[in-house]
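One chain comes next, on its own, written out as structure tokens in the form predicted alone.
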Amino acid sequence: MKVSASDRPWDRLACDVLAIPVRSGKPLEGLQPLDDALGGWLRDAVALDHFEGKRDTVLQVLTHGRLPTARVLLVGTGAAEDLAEASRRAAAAAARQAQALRAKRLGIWPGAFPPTPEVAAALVEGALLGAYRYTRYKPDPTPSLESVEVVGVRGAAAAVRRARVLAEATYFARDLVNGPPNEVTPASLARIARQLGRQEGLRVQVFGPPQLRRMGAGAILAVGAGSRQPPQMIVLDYRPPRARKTYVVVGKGVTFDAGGLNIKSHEGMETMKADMAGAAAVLACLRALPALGIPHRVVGVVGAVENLLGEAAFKPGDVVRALDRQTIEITNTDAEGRVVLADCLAYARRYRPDAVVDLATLTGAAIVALGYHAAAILGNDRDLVRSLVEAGQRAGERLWELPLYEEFVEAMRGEVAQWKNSGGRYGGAQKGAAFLRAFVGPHPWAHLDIAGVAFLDKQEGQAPHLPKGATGFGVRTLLRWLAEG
């Protein structure tokens, strides 16, 4: 899709749909010239439909040849207290409506919003995210948008380019998570990583079972033992000249999770192809780093594995030894993600990183606590957690900190091994993070539990830029954090 921004006047733009974000209670603010051009139709339509500009609501007005565009859309933003997020949501709603109208060219005019590069970038980012559709296996007869142009803004070209990179990285993660698990396997994630290495100039290493055994990575090997798909630890290394800092981002890549011998219910298993959303976010992040010119060394570590029920599957009561030689008692084979991440986090320590961030669809407890509208964040460093929460706010991806009390750590100590992988029902998100903390070492670390926000069973009630299915949550937060850190 072609995206651009220019200082072209709104009444000179030839497009199929011209969208304008408007504030609640002020749907005609700054739009008198537009209403005049339409002979008062805009004001009449607002009154007739009782349009107030509430968030995510859309009012369509036909121009009947009075403008170079066929339709005008007023898109409500509510109070628009967060200007960037309001712009993203409005542009996403406009893009979805434009596609429903079979439009190909979408124009967006900020209207009463400040005509700044930041607003233009948010509008482009939102339009691209809202226009996303996964159609690989089911062609959609509805034409896709071909272009988005933001008008009435000067000097926004660089900001729009960055917005496009962020949106395309999110597309990449969404496509991976939406892909069927018979195709998105540990081996295919390794192939994709190698392709990214060639395309983006990243160093890529893939450790299969022989290498993992030599390394002593017994945790990831145990989780993958029940599947014919061999587990893989995938490492991608972005190393720009004169890198200022070294960061490691770690992703849980369980490409399908049946729960192992502690098998999931039918309802719990339906969306378990999405259990690799953390890995998808990490791969998407590494893919975008060169285009954004991130000045830091960034290492991505992905633990890719299937958790199935084969004859060699790990069992409750087993004791496995992680890469750093710590022992883990398996008390629940459906708490496998943290076991995989134990080896990945231990591996990350060899880079002596300035910070480690992991993303994982780790616990249903995070969904119980926060629903489908925020991810949980926990960590051992206040400044790191705060910087990620702030990056999430700028990205429109909510992170809510949960406490990591020492009592949660004690709950994860094993009876016959140093640690156990499940510590009971209550405080499950915190206990999962407490387990992970044991394998991090002395480095600043934050854990993002994205279980409730990585994959949505329905779009209703969500922001317009979040589709049904994979959301790509975490990609834009990571990239903003790395760019600003």
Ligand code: BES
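The structure presented is a predicted model; accordingly, all values stated were derived computationally and were not measured. Residue indices: 1-based, along the sequence shown.
Just so you know, the form predicted together with the ligand exists too; it's not on screen, but the next bit is about it.
Chemist: Which among 144-152, 107-115, 179-187, 331-339 is in contact with the ligand in the predicted complex, heavy atoms within 4.5 angstroms?
Modeler: Heavy atoms within 4.5 Å of the ligand in the predicted complex occur in 331-339.
Chemist: Does the ligand get within 4.5 angstroms of any non-hydrogen atom of Arg89 in the predicted complex?
Modeler: Contact check for Arg89: no, nothing within 4.5 Å of the ligand in the predicted complex.
Chemist: Decide whether Ile367 counts as a contact residue for the ligand in the predicted complex under a heavy atom distance cut-off of 4.5 Å.
Modeler: Because a heavy atom of Ile367 falls inside 4.5 Å of the ligand in the predicted complex, the answer is yes.
Chemist: Given that the ligand is not shown alongside this chain, does Glu306 nevertheless sit within 4.5 Å of it in the predicted complex, heavy atom to heavy atom?
Modeler: No, Glu306 sits far enough from the ligand in the predicted complex that none of its heavy atoms falls within 4.5 Å.
Chemist: I'd like to check something about Leu362: if you look in the predicted complex, is any of its heavy atoms closer than or equal to 4.5 Å to a heavy atom of the ligand?
Modeler: Within the cut-off, so yes.
Chemist: Under a 4.5 angstroms heavy atom criterion, identify the one residue in Asp358, Asp343, Glu125, Asp275 near the ligand in the predicted complex.
Modeler: Filtering the options by heavy-atom distance leaves Asp275.
Chemist: Please tell me which of Gln418, Thr57, Thr63, Ser422 lies within 4.5 Å of the ligand in the predicted complex, judged by heavy atoms.
Modeler: Answer to the contact question: Ser422.
Chemist: Using a 4.5 Å cut-off on heavy atoms, which residues of 245-277 contact the ligand in the predicted complex?
Modeler: The stretch 245-277, when checked against the ligand in the predicted complex, contributes Lys252, Asp257, Lys264, Met272, Asp275 at the 4.5 Å heavy-atom cut-off.
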